[in-house]
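This document starts with one chain, in the form predicted on its own, laid out as structure tokens.
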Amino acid sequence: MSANAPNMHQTPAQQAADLRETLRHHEHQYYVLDHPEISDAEYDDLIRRLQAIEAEHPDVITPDSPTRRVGGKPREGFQKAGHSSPMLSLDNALDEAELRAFDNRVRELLGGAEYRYVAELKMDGLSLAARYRDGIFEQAITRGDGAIGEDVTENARTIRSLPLRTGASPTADPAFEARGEAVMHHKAFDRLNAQREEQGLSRFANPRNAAAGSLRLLEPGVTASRRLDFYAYFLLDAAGQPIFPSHWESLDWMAAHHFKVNPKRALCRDVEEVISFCNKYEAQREELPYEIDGVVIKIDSIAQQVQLGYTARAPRWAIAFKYAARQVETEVEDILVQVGRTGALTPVAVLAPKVVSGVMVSRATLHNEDEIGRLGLQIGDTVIVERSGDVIPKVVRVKMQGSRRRLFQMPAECPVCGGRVVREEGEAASRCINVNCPARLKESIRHFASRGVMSIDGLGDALIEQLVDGGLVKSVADLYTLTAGQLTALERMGPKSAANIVLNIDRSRFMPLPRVLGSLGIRFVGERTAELLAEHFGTMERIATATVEQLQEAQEVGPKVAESIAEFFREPQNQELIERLRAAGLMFEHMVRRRPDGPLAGFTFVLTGTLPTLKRDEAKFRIEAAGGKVAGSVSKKTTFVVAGEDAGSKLDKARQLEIPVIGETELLAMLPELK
């Protein structure tokens, strides 16, 4: 392969095909094998040539073209999608004794038969299932709860080490699935955090969070700018079952068909070789270019995996050997207090900075006064700090008392607003009771705007700081009175960004009642409780006026939760907030889903692209309110595909399966009462 120009005597289709093959080769060399054969400039030149041919001849574009990795407008949310088979968690072995106990159980269950293990590094990222049809990438789904995840196809498409074409299918069935881990290498993580610091944004805590956050961004173009890698470790058929008779054969097949499979793996004859492998890479852990937190050990034979079976929550044929959390000694220089959106005051240890697991740690939460007392900790002490689960910095114990140690006391007044601090009987947390406390407000806005709540994209930490500190927002309800002109006057805010944020705020008015309930920050009311309350009561007014006894009639709402809800709605300032949100046009009535007698009963829709006026969530709820079902992927069971601007692979699949494709106008015509 080379970067030479295509033969100009060829047809445009032939030129495009040759360029695509050349680009795939160089992507594999660079992103999978880490052995580039051409410069970045030469690669970019090839991409531009292919883009020019495809722009002039749209009929030659294929869904697996390297030019299709990034494209399309920002999405409005992620659709749920079911897994072909459960993505189960693994039981853990925390030391050699537990690993040997696992081996003993395997030996007994296999009745003394010979067996081998495959040992693989346990990479610290986001689990992902990549689906293929006829050797072409079709869909990517996050792990989610193991049964249902989120469709992140367009974002996963931007991962250069995830092949868009494998060249073959491992089975007679054209569909198969590769499961693996999306990770961010240390170099990419450091580069991303340096960029965020330059932009005045907060740093990511660790590469795993950065990888997960990048894959769930609503703009694929931003995901593409953050280099992620996909390491495959399972190969399954369309039903979610292994294809080859051994796990090692699956890894070899994927490595031979353009997937990035970690070469740091071993086929082990017994548990002694497994332990040797675990010890080898624990010693090399700091030298690896990515984060690992242990080793995954699997029985190699698929037949023996089937024989061993599963417990209620994990396979009996696999286990995760977890490395001990890495610890350092450092001094507690001070203890500060942070105020959260519920008013809880959290003491935070300010530490002499130390590197733990490749991350500079200078702070660690101390949770509450009781935890400080349990540790016997005072300012000036030398402590042992570890990253719990290699993520959250935690003070483990006091190593040595300081010569000039000082006792910490929780302040009687809020350090942000000066409001009164109380600690209710039976609670560990002290709280600021001023609902207008700026610290509470900032955290409340962050929660209100976050993905999965009101999903106001673009309303990040830096902007929230400016809005509150500048007095533009004194309540979350003030968000709905912001203008593009007010935002443009702020630092690092251009007219286009300002207009987009105002548009995103406006679109959040169509979020369903459970989201609105969850946005209020009522203690103990999370996503599920909000959904159950909305289903039971139907409207915000009925929830707000319900007694503690009536609230407990809702599923899974006990006395403590009911009292918290009633207390929230008794507060005059909260009543004022509710009225302002009602006036702003937020949805205060619950749309009952899938009415069996609705006009769309029995119809299954798939939404793709950006619709002219309907937000994705709004379209979904309207369809479901009319009795229809909204699916995350196209299949033979799909009745209609609703396509908007920049529709992606779902539209291509609809055409392949000859599924009727309609637009927003046709959809609204099916819902005359909602026009």
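From 1 onward, residues are counted along the sequence shown. None of these values were measured; they are calculated from a predicted model.
Not pictured, yet referred to below: the form predicted together with 2-(butylsulfanyl)adenosine (IVH).
Peer 1: Which one of these stretches, 485-493, 221-229, 462-470, 295-303, sits within 4.5 Å of 2-(butylsulfanyl)adenosine (IVH) in the model of the complex when only heavy atoms are counted?
Peer 2: Selected range: 295-303.
Peer 1: Counting non-hydrogen atoms within 4.5 angstroms of 2-(butylsulfanyl)adenosine (IVH) in the model of the complex, say which of Y281, F537, F448, F234 makes the cut.
Peer 2: The option sitting close enough to the partner is F234.
Peer 1: Just one of P315, P242, G380, G146 has a heavy atom within 4.5 Å of 2-(butylsulfanyl)adenosine (IVH) in the model of the complex. Which one?
Peer 2: Looking at the other structure, the residue within range turns out to be P315.
Peer 1: Applying a 4.5 Å heavy atom distance criterion, does M123 contact 2-(butylsulfanyl)adenosine (IVH) in the model of the complex?
Peer 2: Looking in the model of the complex, residue contacts with 2-(butylsulfanyl)adenosine (IVH) include M123, since a heavy atom lies within 4.5 Å.
Peer 1: Look up in the model of the complex whether S475 has a non-hydrogen atom within 4.5 angstroms of 2-(butylsulfanyl)adenosine (IVH), and give yes or no.
Peer 2: Answer no; every heavy atom of S475 is more than 4.5 Å from 2-(butylsulfanyl)adenosine (IVH) in the model of the complex.
Peer 1: Taking the shortest heavy atom distance, is L88 within 4.5 Å of 2-(butylsulfanyl)adenosine (IVH) in the model of the complex?
Peer 2: Contact check for L88: yes, within 4.5 Å of 2-(butylsulfanyl)adenosine (IVH) in the model of the complex.
Peer 1: With a 4.5 Å heavy atom cut-off, would you call E181 a contact of 2-(butylsulfanyl)adenosine (IVH) in the model of the complex?
Peer 2: Yes, contact at 4.5 Å.
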